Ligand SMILES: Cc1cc2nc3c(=O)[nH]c(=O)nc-3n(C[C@H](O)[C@H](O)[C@H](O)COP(=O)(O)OP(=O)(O)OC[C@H]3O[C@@H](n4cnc5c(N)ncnc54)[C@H](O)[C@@H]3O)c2cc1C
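Next comes just one chain, in structure tokens: the form predicted on its own.
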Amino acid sequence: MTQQADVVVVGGGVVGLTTAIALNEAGMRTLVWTAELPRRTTSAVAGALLGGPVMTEPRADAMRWQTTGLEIFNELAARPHTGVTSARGRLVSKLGPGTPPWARDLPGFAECSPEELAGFPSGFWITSPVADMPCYLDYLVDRLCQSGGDLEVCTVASLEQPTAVAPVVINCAGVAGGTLACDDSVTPVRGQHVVVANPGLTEFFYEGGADDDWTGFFPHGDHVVLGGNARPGDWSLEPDERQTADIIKRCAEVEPRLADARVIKVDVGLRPGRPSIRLEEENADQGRLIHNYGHAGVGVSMSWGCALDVVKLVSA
């Protein structure tokens, strides 16, 4: 029989796990219900550059959420075995020449030389925390359990189902969260990454401001995550060979050593696209229902800020 809890969090990706940890560490016994183990969620295939600006989230809370997250991720980068490290790399863009004014305040800022721009009209160096997502998710699961929480793999057919277990339910189910909440504004945004053996890279590269296809690579020890793309409305989780070839080609044009790197695997995930993040309490017939979904491509960077706001809502 399913155990009782103070709170049930629906969703075992980075947003759900972080929310559950924040609730547990605030003194509430929390149970995570997830359709897939965390390493099989969309969060596991995120590129997870955490120090760049978030320009796509219109909510007024976005800057505060990002600042909170960056502080926490910088702390995690100083600890072993979290999956988070601090790295140097380039942020580039095709949006036009010149350095945006906010860039000079980023840690480790330095202008790129013409050669370092790799054909892009603008770019600069920064130092940022980055996450090897499978390892980071493992860390979150361990932290969840150590804080007194638990995780169950199960199918949630409706948000009424967990009210039999706990008086408070938090919907952190990503794309499925929109379905459970009958929210038609949520759209799957399919993304594909290619993971290759690391030919000796230590610095990341990321193209910001691109809509559909972008160039980026993120070294994590013995492997490198290559990206990437965004396909709104596409539910397919099958890898696309042509997209794989295009991703490798774009990355190899910046870093030739990636051209012949051994492909380890191809990952596909469905980001929960929405006009803005939904973080609010909804009137429910049974118990309390709080939504925390719709993070699109910024779920990792926003996870801690949103989780701490959920704690405030539950405690109010």
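Predicted, not measured: the structure shown is a model, and the values here were computed from it. Position 1 is the first residue in the sequence shown; the rest follow in order.
The form predicted in complex with the ligand exists for this protein as well; it is not shown, and the discussion that follows is about that form.
Visitor: How about Thr68 - does it come within 4.5 Å of the ligand in the predicted complex, if we only consider non-hydrogen atoms?
Guide: Thr68 lies outside the contact set for the ligand.
Visitor: Given that the partner is absent here, does Gln243 sit within 4.5 Å of the ligand in the predicted complex, heavy atoms only?
Guide: Gln243: no, not in contact with the ligand in the predicted complex.
Visitor: Decide whether Ala48 counts as a contact residue for the ligand in the predicted complex under a heavy atom distance cut-off of 4.5 Å.
Guide: Residue-level check for Ala48: yes, a contact with the ligand.
Visitor: Quick check on Val266: any heavy atom within 4.5 Å of the ligand in the predicted complex?
Guide: Contact with the ligand, no.
Visitor: Quick check for you: of 252-260, 270-278, 57-65, 22-30, which stretch puts a non-hydrogen atom within 4.5 Å of the ligand in the predicted complex?
Guide: After filtering at 4.5 Å, what remains is 270-278.
Visitor: Select from the listed residues Cys154, Ala164, Ala197, Ala78 the one whose heavy atoms reach within 4.5 Å of the ligand in the predicted complex.
Guide: That would be Cys154.
Visitor: For the heavy atom contacts within 4.5 Å of the ligand in the predicted complex, list the residues of 84-106 involved, in sequence order.
Guide: The stretch 84-106, when checked against the ligand in the predicted complex, contributes no residue at the 4.5 Å heavy-atom cut-off.
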